[in-house]
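Below you will find one chain, with nothing else, as C-alpha cells; this is the form predicted on its own, and questions on how it binds or moves follow later.
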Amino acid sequence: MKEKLEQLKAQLRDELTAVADVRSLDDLRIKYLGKKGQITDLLKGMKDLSGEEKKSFGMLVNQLKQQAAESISKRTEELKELEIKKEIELMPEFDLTIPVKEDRGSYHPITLVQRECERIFTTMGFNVEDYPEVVTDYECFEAVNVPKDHPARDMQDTYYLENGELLKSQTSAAQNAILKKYGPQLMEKGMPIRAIFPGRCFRNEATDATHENTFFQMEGVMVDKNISISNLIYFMKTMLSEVFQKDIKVRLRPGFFPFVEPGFELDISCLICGGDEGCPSCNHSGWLELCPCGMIHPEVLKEGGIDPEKYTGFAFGLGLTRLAMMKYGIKDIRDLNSGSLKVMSQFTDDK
C-alpha cells in the first residue's frame, strides 16, 4: 500500500509538470482528488489492514491529499500567469500618436430637465433635498392625510415590500420630513420654508404613450404667512417659462388630492401637437397634465409641526418625465426607460 502511495506521488508530480493549461489541470484535479479519484481509492484498500495500520496509513493518505491540493493550486496560479503573459504578447503595440476619440456620452433628458429645474428654483430661494425611494406607509400616505381606509389609495397601485415598506408612489412622501426639518428653525426667524425634492416614483400600472410604472417627479413646498394660490401660479409659470425659454400656455382646473385643499391640476398646452390637433402624447386633448398642486391641507401642516392658524403654504408635484417629453418632443414615455443609447442621444447634444 505504501509503495502504491509513493507511486502516486511521483505520477502526480510528473503529470503536473506536463500539464499545459488550466482546463487540463482541472481534469487532473478530478483524477486524483475527486470522489472517485485515485487518492480517494487508496482509502478503500484500508479494510484489510489492522487497526494500528489503518491509523498510520490514513494519516499518510491525508498528507498526500493535502500535498496534492497545494501542488495543484500552485500550478494553477503558474498557468494563469503564463496565459496572461501570452495575451499581453499577442496584443498589438499601442501607438501613442493615434488621436484620442473625444466622443463622450450625453446626459439623459430627464437628468437635464431636473438640473435645469433645480437651477431655476434655487435662484428663487428653494433648497434642493433628496429622499429615499423606499419609504414607510406613514411617510407615503398617513403623513399626507391619506389614512389606511382612505379611498384615494385605490388610485395608486403601490409596490409593497415583504418588510412592510414600499416603493414611494409619489414624492409627497418626503413632505412631512421636510416640514419637520425646516419648520422650527425657519418659522421662529420669520423665514419661509422653500424646498424641492426630486425623485423617482413607482406605480404598478399599465404602460402606454403617457404612462409608465417608473417615472420622475419633483415635489415642491413653500410655507409662510399669507401664502396663496397666486404665489403657486407665479412660481410655476416662472419655472415653465425658464425651462422652455418662452411663455407657456397653462390652465388650472379643480383636482382632488387629500394633501391639498383646494387642489388643482396644472396642465400645459401640448408642445408636440401644438395643442390644437391632439396627439397620443396628450390623449388627443391638446393638453398635458403636468403638475398636481394646491394649498397644503391644514392637517398636513399640523402633522408636520406647523400651526395652520398662523401659516399657509402650497405644494406641487411636477412631472419631470412629462416635462422632458415636452421639452425634447418625445412622443412616447416608454422611450425614456428603453435603455437605448441611439434613442436617448438624439434628444440633446449636451455633453
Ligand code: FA5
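Just so you know, these numbers come straight off a predicted model, no measurement behind them. Note that residue numbering begins at 1 and tracks the sequence as displayed.
The form predicted together with this ligand exists for this protein as well; it is not shown, and the discussion that follows is about that form.
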remark   = Contact with this ligand in the predicted bound form, heavy atom within 4.5 Å, among 306, 290, 61, 28 goes to 290
task = Quick one: from 259, 126, 182, 235, grab the residue that has a heavy atom within 4.5 Å of this ligand in the predicted bound form.
result = 259
query = Among 66-74, 28-36, 278-286, 319-327, which stretch has residues whose heavy atoms lie within 4.5 Å of this ligand in the predicted bound form?
reply = 319-327
task = Run the contact test on 111, 240 and 269 with a 4.5 Å heavy atom cut-off to this ligand in the predicted bound form and return yes or no.
result = no
key: Contact of residue 205 with this ligand in the predicted bound form (heavy atom, 4.5 Å)   = yes
request  = Would you check, heavy atoms only and a 4.5 Å threshold, whether residue 145 touches this ligand in the predicted bound form?
outcome  = no
Contact flag, residue 300 vs this ligand in the predicted bound form, heavy atom cut 4.5 Å = no
ask   = Is there a non-hydrogen atom of residue 136 within 4.5 angstroms of a non-hydrogen atom of this ligand in the predicted bound form?
value = no
message = Going through 205-226, which residues have a heavy atom within 4.5 Å of this ligand in the predicted bound form? Please give them in sequence order.
response = 205, 210, 211, 212, 215, 217, 219
